[in-house]
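Given as structure tokens, the chain that follows is alone and in the form predicted on its own.
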Amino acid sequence: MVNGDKPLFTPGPLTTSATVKEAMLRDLGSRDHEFIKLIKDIRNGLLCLAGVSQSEGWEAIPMQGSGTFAIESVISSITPPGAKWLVIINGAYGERILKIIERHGIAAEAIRCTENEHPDVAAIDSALAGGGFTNVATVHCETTSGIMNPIADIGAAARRAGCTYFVDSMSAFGGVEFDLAACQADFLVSSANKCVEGVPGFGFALCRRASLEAIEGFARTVSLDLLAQWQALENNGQFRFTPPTHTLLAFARALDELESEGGISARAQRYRANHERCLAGMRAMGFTEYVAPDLQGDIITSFLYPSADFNFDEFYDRLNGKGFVIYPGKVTKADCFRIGHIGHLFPEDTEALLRAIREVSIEMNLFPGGPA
């Protein structure tokens, strides 16, 4: 890998290209004309990537901090007094959305389903028909398991009920083809260090301008005020507070590289190739995935422990010693570990990982007499 770094088969931070890292090897003033232009280009680039534009009534708002900061920025900024959220949950990141809402003292209810199942849209419709809900939230790719949720169907339900619709597309945006306008999201959030393959330091919200302009006076924080951030960017092109200059330089380069690769469709194809090769190789060794194939995305895959006495920490350490980094599980109802397929990784990297997993499986005798 680049500069001898270990490839990161994780959901982020990710393996990045040498040129993305090199883009950070300069200092640029936050009020410099060049930097202000960079921010404008990034905002326009994000909208272009989503297939929308300012002329069509959309805005891109970068917000410093991790992706969770951006999620809290949206939630704390768009919720009117007396609001009530319906949160669709089938994993840890849906639970995090609910926790943020409740921490701000906002009323909320949840519709939960098993982590390897889709939410029931009929149940969502039924809950919304009961009235009283103003906002709906869901996760696009729930990286707890790797499942892809039906954001367009949920969006249609939210629209029927007249609710503002928020999508956490943290691990999907930039690496999964979908129609932002058609899914009927009012606000969608992702992060620099996911499928666009930048580095950590900021998240961003893609917003319907009409929905954005309607949140005047709703903000519950100062630093995470989404509307104020947009107004500052529109007024003078600057962040309100110190921006992550180096991260933004890296992200601008990452956007260029995504375009050069062929856009989201080409990147999605590479991620799919990584995922398919990983799945075939893991199955051949005797591992079993947690999510059914028709619900599984190409972002990250959860694999069940091969036995009740499987020692993940030893498995992880042995793989790490061979130069590969994977991720522990986060599923609550099953023992799993996760392998990510995104970042600056290619099928040959996946092949190398599989060889290392095969060696470790033999060393740990994970499949006595089995295929490993």
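When you see a residue number, it is the position in the sequence shown, counting from 1. All values derive from a computational prediction rather than experimental measurement.
Below: the form predicted together with a small molecule, not depicted.
I'd like to know if S171 sits close to the small molecule in the predicted complex, meaning any non-hydrogen atom pair within 4.5 angstroms. Yes, S171 lies within 4.5 Å of the small molecule in the predicted complex.
My question is simply whether R96 lines the interface with the small molecule in the predicted complex - judged by any non-hydrogen atom within 4.5 Å. It does: once the small molecule is placed as it appears in the predicted complex, R96 has a heavy atom within 4.5 Å of it.
Partner contact for Q64 in the predicted complex: the small molecule, 4.5 angstroms, heavy atom: Because no heavy atom of Q64 falls inside 4.5 Å of the small molecule in the predicted complex, the answer is no.
V139: touches the small molecule in the predicted complex, heavy atom cutoff 4.5 angstroms: Contact with the small molecule, yes.
T68, N311, S30, S53 - the one with a heavy atom within 4.5 Å of the small molecule in the predicted complex: If I apply the 4.5 Å criterion carefully, the residue I get is T68.
Given the stretches 115-123, 162-170, 284-292, 217-225, which is the single one in contact with the small molecule in the predicted complex, using a heavy atom cutoff of 4.5 Å? Looking at the other structure, the answer is 162-170.
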